[in-house]
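Quick setup: one chain, the form predicted on its own, written in structure tokens, and binding and motion questions come after.
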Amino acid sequence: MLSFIVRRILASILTLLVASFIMYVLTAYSDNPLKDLQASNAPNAQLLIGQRIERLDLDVPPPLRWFGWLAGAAGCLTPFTPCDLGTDLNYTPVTQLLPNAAASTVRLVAASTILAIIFGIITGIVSALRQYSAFDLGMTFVSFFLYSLPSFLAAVLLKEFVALGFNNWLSSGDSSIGLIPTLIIALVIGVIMQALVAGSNRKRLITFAIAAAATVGMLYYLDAVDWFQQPGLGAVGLLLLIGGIVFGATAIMAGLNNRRALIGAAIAGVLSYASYFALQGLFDISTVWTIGILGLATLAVCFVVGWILGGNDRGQVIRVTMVVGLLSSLLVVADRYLQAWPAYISSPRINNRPIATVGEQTVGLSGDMWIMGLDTFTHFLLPTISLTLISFAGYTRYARAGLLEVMNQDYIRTARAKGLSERVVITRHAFRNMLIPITTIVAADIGVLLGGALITERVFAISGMGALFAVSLDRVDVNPVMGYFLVIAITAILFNFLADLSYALLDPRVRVK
């Protein structure tokens, strides 16, 4: 393993050197970096031209200039040495431009990638288990449609029908959903739920009726309590959701017949529910660090509970307990964010139009962690959905194809012949091997999203890495372009390296070799 890691590091360094040289030379020769000053009528234009040539070494041929850039960039990759990536055409250090741009893009890419992986894999698994069913055929159509949907078109449609429509509805003063939208939502949910259920037409029709009726009842209840103006989970809603997490996570990960796992999950759920009442006062004065410390404490307590109750299958009980504790705690935090919603939308800077279509934050808005967190959420909601929809399609298809291929293997038939339940066969045998091709897609997709969010950032006016690259390339500003390249290249190489290591964790045959 050590020799493999050393070889990969050396190969990565060589790849970075060659790619950076090509990128630097092509960018420098693409156009004239003095064109804006040469077209200027300013009386000191010649002085500014000479100053730019001197400070950016533009009189040095680009291949030789690359060595100077490389010497400064090497400091960024080695400890105890200064990091110097040069300056842009306005003489601002690139090391000051990159952190803000990278932070915006990472927030956008991380959220969209995680959501696309979770929903894509879940949908792909269900499609494979319901092969050629109405749900499978419907998700196949949706996946290919989203895969072929241009990112700029998805962004524009979201701005038009989600942001503007929701803002107009919320600011109108009438927060009721209405009869026709209620029926449409109920029909859609009913169709999805009946497609998920295998069985006779009668069973599916009953499922459709129950799901549609429950949706109508829920929407009318939300209207009655004015939930969209004053949202919140509340003690009752939180109890029901945590109970669903306890039984759902236990059923999927261990099976409800595993009493130790069920007891551990129930204890984690009870502790999270109790924290809802105990921490309300602390939440009022909390910071991000406070929430992070509470999250780590939750995982530690759940680990101890799982360890004590684990018995012979301690690892499985610990995993179930920690997952339930984490998800239940996230619900408690989400409820506190919802409590801040009325104060947020009533702010003069928001004026009951919370879903933002441009920028990363509302100018002039001030407030505590919960208000500013909601502001960040509303600004990144639509671009995150836009990127998620595009990535979701690929993960769905790969997950479906991977599970179908794995389910036809001999070891799966052997596991079934031993009498193992279908849940154990899928979660412990098929799911793990299905993830092997997914790891490759994740590694490649992160690099693509980091570098390819340019269109989405342009549509939503987010000053991220894509915007930095586009503006710098148009101005023939080599140093910011190379800073962008360095971040993207290192990220792509790092995640591909992590994907290779993940193969050893998922496939014992790779670990042996």
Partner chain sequence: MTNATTTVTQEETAGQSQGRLILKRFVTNKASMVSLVLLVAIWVFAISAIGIGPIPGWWHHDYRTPSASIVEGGRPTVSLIPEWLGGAGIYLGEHPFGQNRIGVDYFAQTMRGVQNSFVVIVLLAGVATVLGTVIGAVAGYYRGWVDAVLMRMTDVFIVIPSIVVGAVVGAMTGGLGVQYLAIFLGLVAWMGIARLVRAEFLSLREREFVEAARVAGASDARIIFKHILPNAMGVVIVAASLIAAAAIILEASLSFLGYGILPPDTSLGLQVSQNQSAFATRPWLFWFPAFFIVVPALLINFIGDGLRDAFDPRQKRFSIRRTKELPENAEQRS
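Because the structure is a prediction, the values reported are computed rather than measured. Residue numbers count along the first chain shown, from 1.
Missing here is the form predicted together with the partner chain; even so, the following discussion is about that form.
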Given that the partner chain is left out here, which of 294, 415, 372, 129 has a heavy atom within 4.5 Å of it in the model of the complex?
-> 129
Among 19, 498, 9, 504, which has at least one heavy atom within 4.5 Å of the partner chain in the model of the complex?
-> 19
208, 220 and 223 each touching the partner chain in the model of the complex (heavy atom, 4.5 Å) = no
Mind telling me which stretch in 244 to 252, 179 to 187, 263 to 271, 401 to 409 gets its heavy atoms within 4.5 Å of the partner chain in the model of the complex?
-> 401 to 409
Does the partner chain come within 4.5 Å of any heavy atom of residue 26 in the model of the complex?
-> yes
Non-hydrogen atom contact residue 150 with the partner chain in the model of the complex at 4.5 angstroms = yes
Could you tell me if residue 144 has a non-hydrogen atom within 4.5 Å of the partner chain in the model of the complex?
-> yes
Taking heavy atoms only, is residue 289 within 4.5 angstroms of the partner chain in the model of the complex?
-> no
Sequence order please: the residues of 32 to 56 with a heavy atom within 4.5 Å of the partner chain in the model of the complex.
-> none
